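Presented as C-alpha cells, the chain that follows is alone, the form predicted on its own.
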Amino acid sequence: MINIPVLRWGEPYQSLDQNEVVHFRTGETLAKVGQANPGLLARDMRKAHRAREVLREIPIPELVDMTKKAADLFLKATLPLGDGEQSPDDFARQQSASTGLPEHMTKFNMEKNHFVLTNMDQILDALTRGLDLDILSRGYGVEARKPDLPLSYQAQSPVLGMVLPSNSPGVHTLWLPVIPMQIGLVLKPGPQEPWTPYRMAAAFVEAGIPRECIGIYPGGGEMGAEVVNRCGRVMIFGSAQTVQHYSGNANVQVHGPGYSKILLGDDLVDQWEDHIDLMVDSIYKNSGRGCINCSGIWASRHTKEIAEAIAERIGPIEVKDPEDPEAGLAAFTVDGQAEAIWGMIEEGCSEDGVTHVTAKHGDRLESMERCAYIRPTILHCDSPDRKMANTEYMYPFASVVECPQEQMLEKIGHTLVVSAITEDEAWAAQLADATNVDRLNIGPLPTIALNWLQPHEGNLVDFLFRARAYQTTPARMGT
C-alpha cells in the first residue's frame, strides 16, 4: 500500500483526512490518498501567479523538449509515488484495480498520453494555427505572414483547474498541452483514479519542469466546487446536469456525455453491411467508456437488420478478469451504479417501439460482491422520439434509430462526434453547417478515430488566452 499526499505546488502535504483507494473486486487497499479541503486550496491559490511565472522563465521550445522527455518517463520509467515508487506495470495494475478497466486498456491509454506528449510541438502548432509561440509567452508580437500586424494574446488565468473523472484515463490527454503553454495546473483527481495525475506530475518534474507549477488536491465534491470557484479557467467532466449547470459560464469548459453517432445516408444505407465492423468498433472499443464511443446509429431504413447484426457481434461477449488480455468490458466500481443504470434501461425498454435486441444473448447485468458489469446492449427504436433514442451509458451501449434523413440533424440534438456515411455532397454541406455537431467525419470513419492535431472539444488555446488589440512602437515590436 502507498500513502499519497496532497501536492501543494509540488510540495507534499500530509493530510490527516485520507481516502482509501481499493481493489474493485477484492477490497484490498491499494493506496491511502490525502484529502485536501477548500480552505487549503484557498490559501494556496494566493501563490497561483508563481506557477505561470516559473514557467515563463523557460522558453516554450525548451518546455516542449521537456514534455517529450516526460513522455518516455511516463511510459517506461519507475517514478516516485507518495512514500513509494511505481513502475509502468504497477501503474497499469493499480489503475485497472481501482477503475475496473482491463489492464491492457490502461496500457493502451498510456500509449495515447505518450503520443500526445511526444508530438507536442505539432499539437501546439495546430492548436495555435501556426502562431509564433513566443507571442503566448510575451503576450504580444507580430505574425510572420504579416509583420506589420501586431498581435496580442493575454492569458486569462495563471493556472488551469481540472476536475477530473475516474472512468476513462484517456481524458488526461486534454490537459497535457497546458504546461508547455506556460500555464500552471491545479488538478482535482477522480476518487478512483489518482494514478495518472500523480504519475504525470512525477514525469514532468523528472524531465526538468518546475515542481511548483503543479498542485494536486484530492477530495470530495466540495473540492471540485472550490476548484471551479478559485481558478480563472476550469475544465470539468460530468453528467448532462453538470453541463447544464455551467452553461453560459465562459470560465468553465465542461466535458459531458458525447452522444456520439453514426448517421447512414440514404445514398449508402443499402450497403450497411459493409460498415458493420466500423459500427462495432465505435460502440465497443475502450469498453464504450469514452464520450467519442458511439451511442446511436441512425438510418432511414434497414434499422432492425442493423441492430440484429451488431447484437450478433457484441451481444455474446462475456465478462472476463481484468488481467485477461482478451477482456473487453470494464467494471462498474461504484456501489449500485450498474444496477441503477440497468433499471433505467429496463424502464426505457418498456416503451412501445423500443426493442432490446441483445436480450436473446443472455442476461446483461452481472452483479458481484463488490462490483458489477453490464454486458453490451443494443436497442432498436422505431422513432427518434423514443426516450432511449438519444441516451448514453458508460459501457458498450447503443440505440439503432429509424429516422428519415431529412429529420436527423434536428432530432439528434447536441452531438460530440458525427460519422456520416454518405457521398451526398448536399447533405455533407448541411452537416458541415450544423452547429449542434462538434467533430464531423464525412465518410466511413469510426467515431473513435481521433486526429490529435485537431481540437477534441473546444480549442484549448482559445479557452486559456484571448486575442486583444495591442499597439506599441515598431522598435518594441521588433519590426
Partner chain sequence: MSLEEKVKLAAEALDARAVEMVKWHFSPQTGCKFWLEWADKQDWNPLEEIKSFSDISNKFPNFQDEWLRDLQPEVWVPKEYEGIPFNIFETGGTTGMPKQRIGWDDYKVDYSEFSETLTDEHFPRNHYWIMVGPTGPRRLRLAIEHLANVRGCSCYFVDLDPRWVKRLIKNGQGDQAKAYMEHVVDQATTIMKHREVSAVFTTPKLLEAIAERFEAEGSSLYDAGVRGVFCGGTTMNPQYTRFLMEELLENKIGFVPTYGNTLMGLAKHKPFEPEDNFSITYHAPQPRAVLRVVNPDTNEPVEYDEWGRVELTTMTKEFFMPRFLERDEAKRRPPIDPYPWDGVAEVRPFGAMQKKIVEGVY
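Predicted model only: the values in this text are computed from it and were never measured. Numbering follows the first chain given and starts at 1.
FYI, the form predicted together with its partner chain isn't displayed, but the following is about it.
Only one of 41 to 49, 63 to 71, 436 to 444, 421 to 429 places residue heavy atoms within 4.5 angstroms of its partner chain in the predicted bound form, namely 41 to 49. Taking the partner from elsewhere, residue 13 is found to have a heavy atom lying within 4.5 Å of its partner chain in the predicted bound form. In the predicted bound form, at least one heavy atom of residue 35 sits within 4.5 Å of a heavy atom of its partner chain. Interface membership of residue 17, defined by any non-hydrogen atom within 4.5 Å of its partner chain in the predicted bound form, is confirmed. Interface membership of residue 375, defined by any non-hydrogen atom within 4.5 Å of its partner chain in the predicted bound form, is ruled out. Note on the partner interface in the predicted bound form: the residue among 313, 275, 112, 230 having a heavy atom within 4.5 angstroms of its partner chain is 230.
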